[in-house]
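Presented below, as structure tokens, is a lone chain in the form predicted on its own.
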């Protein structure tokens, strides 16, 4: 794919107020960078995308692209959507059913005043790049989901935008098509010279497509970082569920974390002053003074560990585990060839076991069990 000529630098503070909901999100996206805006339904992701696109006016804040204001209520600046150097791929693609693939791709160029013949020439070149030249004269109803997604992407890129917005770009695809189109989309985004924002609730889409993640809940940013940073150290239960980790909150003193309800958890603290300094700089948990007024004493921390690190027993285990708690199985769910058990008790958590272990232990809903986690499997970091 020939790279876009346009580059983009986005700086935005998005404030949108509606009855019962307020969005307040700050975003910065560098040229050539792909940022995924991730969050549950109702978090404000689509509202943020609409505000960037000019489909929703801000109540406060600003949108600046390459230093130029597109929306700034305080300065009474608002550039309408059709005048912004922005390409948008909507969740349902929104291809015009009465137009061919070629004319769908040419549509944005025609809206910007490009002569029809020239617009169709550019559109055809984009269809070739997408591997769709043979479908140039096909109507949207004759296209597969993956083909329609590529036509929508070609339409967005044909205008050479400085900012590309993609709203759940893979949500309309079936599972088999999604894998191939995800890889293809990542290739196209890597070649895009502007800045791009992918709005999604799917963690795999976000991890594969984006250089950086911004997670929002209830209209606010709750976590930012690279996919690896967010996946390894989630800051909210929602993010922990997304990345498949157990997440607990407590107060650390020495190598102990006191959890709500009185249970304690042992972890392996930094081994040296050098390690302690590194941990402190990177967000780890060194030996620290207690938080003033902490309800249980110590410093408030988060504790994360993998469901696969949780061992399940019918009797209290012997041996090395230092973190052992009783519990009751309240949920059983298949998960990628394994079985995930929801266990409630002094320390509510999710354990992952093999189907063979399920059969050997005769685990069922309501079964009383003991769960164990080795101290070396626990990651503790500031809340």
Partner chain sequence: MQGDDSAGQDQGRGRRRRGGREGATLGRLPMLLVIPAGLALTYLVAPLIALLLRAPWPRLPELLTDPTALTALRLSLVTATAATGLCLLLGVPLAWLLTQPRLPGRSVVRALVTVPLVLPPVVGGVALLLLLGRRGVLGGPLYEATGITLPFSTTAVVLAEAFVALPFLVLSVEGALRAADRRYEEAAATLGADRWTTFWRVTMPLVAPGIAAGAVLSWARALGEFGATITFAGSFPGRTQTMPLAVYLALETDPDAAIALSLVLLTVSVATLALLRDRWVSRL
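Predicted model only: the values in this text are computed from it and were never measured. Residue numbers count along the first chain shown, from 1.
This next part talks about the form predicted in complex with the partner chain, which is not shown.
- Between the partner chain and the residues 324, 314, 357, 55, the one pair within 4.5 Å by heavy atoms in the predicted bound form involves 55.
- Though the partner chain is absent from this view, in the predicted bound form it lies within 4.5 Å of a heavy atom of just one residue from 183, 117, 111, 75, which is 111.
- Of the candidate stretches 260 to 268, 196 to 204, 98 to 106, 302 to 310, only 98 to 106 contains residues with a heavy atom within 4.5 Å of the partner chain in the predicted bound form.
- In the predicted bound form, the partner chain sits within 4.5 Å of a heavy atom belonging to residue 155.
- Interface membership of residue 88, defined by any non-hydrogen atom within 4.5 Å of the partner chain in the predicted bound form, is confirmed.
- In the predicted bound form, at least one heavy atom of residue 82 sits within 4.5 Å of the partner chain.
- Put simply, residue 171 is far from the partner chain in the predicted bound form: not one heavy atom of it is within 4.5 Å.
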